[in-house]
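This document starts with one chain, in the form predicted alone, laid out as structure tokens.
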Amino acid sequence: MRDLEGKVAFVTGAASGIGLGIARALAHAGVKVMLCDIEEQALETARAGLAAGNADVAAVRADVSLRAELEAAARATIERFGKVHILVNNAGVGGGGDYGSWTQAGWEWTLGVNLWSVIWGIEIFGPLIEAHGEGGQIVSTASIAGLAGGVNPSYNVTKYGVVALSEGLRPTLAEKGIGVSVLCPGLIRTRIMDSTRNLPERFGQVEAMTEGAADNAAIEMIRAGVAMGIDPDYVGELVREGIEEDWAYILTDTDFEPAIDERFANIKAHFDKIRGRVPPRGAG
């Protein structure tokens, strides 16, 4: 999508952090943006801030873990802008404790926001993008933890899922004129470690991301890294470029490249363990 001016984008988790950075970058490129978030006051502040710069933006509150609310947000987007070209599944939470402290609610919340919202976002908005025949792009935010496991199992599961979903859909949707990108950010200056501030009441009490962590030093390192992390506006500009050039993977830095290299080297080493030992296939 080389020419973004006049296109329409729907961005979840848009009231702050990476989502707001993406919305700001797209708006600066002339994209009309529907901001979506569960945090109503922050959402209105974000909308007003972008509108003050003459951006064509609107906002809709939704709990993206609920399909019905995403569907309502999609209707609001079409009513306001007529069509949609770009879907940014960015909303995410750092919920769920470590092994030994898991609860049903913690897993359901984390899966609901981080993975199910991406699944339903694509299911709902994909046909809307197809309908106008002008092409489009789907960007879904995973994490570097979707390429090399981090320190929180439920978070890792959701982020690996977003990577797998994006990789699997990319060739399928390319035939329909829709590019698919997965954003795998490193340590970005967001409020991910304070995700429970937006916990819906229906989940009750859930364990914190750091609860039960076997390596507290690693958790504190991540917390400090996030506090001193990369500016979300930089990430937004990378996403804009990724949309324009249809990048399969949008990465934010090289800090975790050694960990990813180590993971793939480990996989390769285990292929080597069975090399030459696979029995012939077929009837024998």
Ligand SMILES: NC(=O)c1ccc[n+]([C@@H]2O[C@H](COP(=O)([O-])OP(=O)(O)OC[C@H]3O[C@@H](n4cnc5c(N)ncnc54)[C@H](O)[C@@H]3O)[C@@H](O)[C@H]2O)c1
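Residue numbers run from 1 along the displayed sequence. Keep in mind it's a predicted model, so treat the numbers as computed, not measured.
The same protein has a further form, the form predicted in complex with the named molecule, not shown here; the description that follows concerns it.
The named molecule in the predicted bound form comes within 4.5 Å of a heavy atom belonging to Gly186. At the 4.5 Å threshold, heavy atoms of Asn198 reach the named molecule in the predicted bound form. Taking non-hydrogen atoms only, Gly96 never approaches the named molecule to within 4.5 angstroms in the predicted bound form. The closest heavy atom approach of Lys83 to the named molecule in the predicted bound form falls outside 4.5 Å. This chain appears without its partner; in the predicted bound form, the one residue of Thr141, Asn152, Gln137, Ser166 with a heavy atom within 4.5 Å of the named molecule is Thr141.
Here is the short version: of Arg170, Arg191, His132, Lys176, the single residue with a heavy atom within 4.5 Å of the named molecule in the predicted bound form is Arg191.
Segments offered: 24-32, 50-58, 64-72, 242-250. Contacting the named molecule in the predicted bound form at heavy atom distances within 4.5 Å is 64-72. Heavy atoms closer than or equal to 4.5 Å to the named molecule in the predicted bound form belong, across 67-93, to the residues Asn90, Ala91, Gly92, Val93, ordered by sequence position.
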